[in-house]
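Read the single chain below, which is given as structure tokens and is the form predicted alone.
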Amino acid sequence: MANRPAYQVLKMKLLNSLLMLTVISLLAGCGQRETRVEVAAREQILLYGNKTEPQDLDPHVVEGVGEHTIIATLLEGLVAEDPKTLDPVPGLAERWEMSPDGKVYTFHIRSNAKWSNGDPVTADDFVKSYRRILTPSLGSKYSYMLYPMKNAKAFNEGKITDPAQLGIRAVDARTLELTLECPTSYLLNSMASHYTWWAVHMPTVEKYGDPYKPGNKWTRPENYVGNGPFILTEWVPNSVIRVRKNTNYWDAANVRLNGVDFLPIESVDSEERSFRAGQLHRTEELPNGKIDAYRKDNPQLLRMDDYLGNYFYRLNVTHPALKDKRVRRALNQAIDRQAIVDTVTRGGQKPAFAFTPPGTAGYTSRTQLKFDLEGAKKLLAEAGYPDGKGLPPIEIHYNTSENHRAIAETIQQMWKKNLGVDATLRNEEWKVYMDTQSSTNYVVSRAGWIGDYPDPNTFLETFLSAGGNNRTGWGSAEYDRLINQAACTNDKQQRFELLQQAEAILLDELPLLPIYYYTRVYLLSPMVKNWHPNYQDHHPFKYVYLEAPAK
């Protein structure tokens, strides 16, 4: 090849260099960009699918699991939960003592416990907060959680009006004394796990509305004062709730996350797509139809944890279609629960033939429901509705979710095929659904109950006649008597015997239809660390952290 002039050689070198730079640039542009979860992991911001838009963030008026998850980042109780076992551990109280008779607890609040605005956490904060949640005008659905406290029930029902008679007093600024009606074995678990026992900053609550009526504006981000590991910084309805690290938290030095973004995504299909697209570290649920695919192809992302809960249907016993107990029992006996968990939910759930999950703290209901088509048809005919003829319309009500709809459609088909009963379906978004249940404006309504602590009482007290979470129109004086007697029975065997008698009444009267015992089925990114499976799906965020993948 003939020699080229020097300028041509130089020109070729320049062109080659430009070409190489262009190729490198294109390759870099075609490389995989960091996903949202990877960026957030480097910033220690957990992206958490929270399923629904919360009703509120006031621990004394809300009632849902999604609300609990958020509030648990903003507030802490005197007692906290071990991240692995959920056993009670010191929270805002550094220690406590119990009297020999088990009726008086003395809590010693940490000297460095502060509210997010810098105010010290005091014993009086808890005294005022407990008086608030028990005040009848607030209408707390969970006020009964405090009924182990002396005179709490009488005060909440208006039989006592002097709050000084409640079994709670501030001995001094850092010492709180709690007196009970009788020894309560599950008290510390209840105080650790449930927000009803947590204090609110009463000066803030009083500033933004009547503290003893719902609708207070203190929970808006610009107003919120908490005492937990994070503070509320932003709340965009139906979009995101952001919490960020609280530098005034007593244990802030050991909190590794800088924050959590809670994303309310009601559609389980949309939530799963968001996870696949790198938009979430954790989903609240997983579409039932995709469980098998994840089990086969991405088992490292799939979690199916044991869960202390019952998926059931509430029955409005005041509705013409359901006033007759025989109709309720017929509907129950026409449901093939095994088929539902095998072909619809497919996540390791177990068919529920009682309300309390078997083995809860050693308790199992003696009474068990059954699938009995011939018995169901006979009961319906005895009630005057042979083959479903003449039965007033039945509507199945559920909150928006593809999974809830699939179960409702299955039960709708079972009732039609097995009994000739026609049922229609109605779905509502979470807030409206909760209002509908609270006003008993339904016929049959989907529900779920997750144990607030590991004891059968957390399930059975739900259906006390005056219980805020009953919502069926049903009540039984004998049922109430047995539950209340069990509460003050120290002998475990005798106590369980009383609870078994009560559950037998519940399962005979059937203001509810148990469907299955939960498992917790969701997706979790491997970036999430210090996350431990447990029976309540509680994961104290102060212990969680993120590990970003290597670039």
Partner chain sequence: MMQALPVTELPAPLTAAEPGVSLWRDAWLRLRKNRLAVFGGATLIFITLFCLVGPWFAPYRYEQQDFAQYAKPPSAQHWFGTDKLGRDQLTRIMYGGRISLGVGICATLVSLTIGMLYGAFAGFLGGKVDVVLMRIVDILYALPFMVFVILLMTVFTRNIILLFVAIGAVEWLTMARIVRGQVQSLRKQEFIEAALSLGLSRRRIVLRHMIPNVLGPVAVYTTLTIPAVMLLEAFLSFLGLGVQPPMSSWGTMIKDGAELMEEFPWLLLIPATFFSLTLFSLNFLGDGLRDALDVRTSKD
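None of these values were measured; they are calculated from a predicted model. In this text, rigid core is short for the largest set of C-alphas that superpose within 1.5 Å between two forms. Numbering follows the first chain given and starts at 1.
Another form, the form predicted together with its partner chain, is not on view; read the next lines as being about it.
Out of the listed residues E478, E429, E374, D172, E429 is the one that sits within 4.5 Å of its partner chain in the model of the complex by at least one heavy atom. Checked against its partner chain in the model of the complex, the residues C182, A339, A164, V89 give one hit for a heavy atom within 4.5 Å, which is A339. Interface membership of E382, defined by any non-hydrogen atom within 4.5 Å of its partner chain in the model of the complex, is ruled out. For Q412, a non-hydrogen atom is located within 4.5 Å of its partner chain in the model of the complex, even though that partner is not displayed. Taking non-hydrogen atoms only, P320 never approaches its partner chain to within 4.5 angstroms in the model of the complex. The shortest heavy atom separation between P358 and its partner chain in the model of the complex exceeds 4.5 Å. The partner is not drawn, yet in the model of the complex one stretch among 107 to 115, 396 to 404, 74 to 82, 124 to 132 has residues with heavy atoms inside 4.5 Å of its partner chain: 396 to 404. Taking the partner from elsewhere, no residue among E94, K150 and L188 has a non-hydrogen atom within 4.5 angstroms of its partner chain in the model of the complex.
Applying a 4.5 Å heavy atom cutoff to its partner chain in the model of the complex picks out no residue from 150 to 180. Superposition on the rigid core between the shown form and the other one places the CA atom of Q338 2 Å or more away from its counterpart. Remark: with the core as the superposition reference, the CA shift of M434 between the shown form and the other one reaches 2 Å or more.
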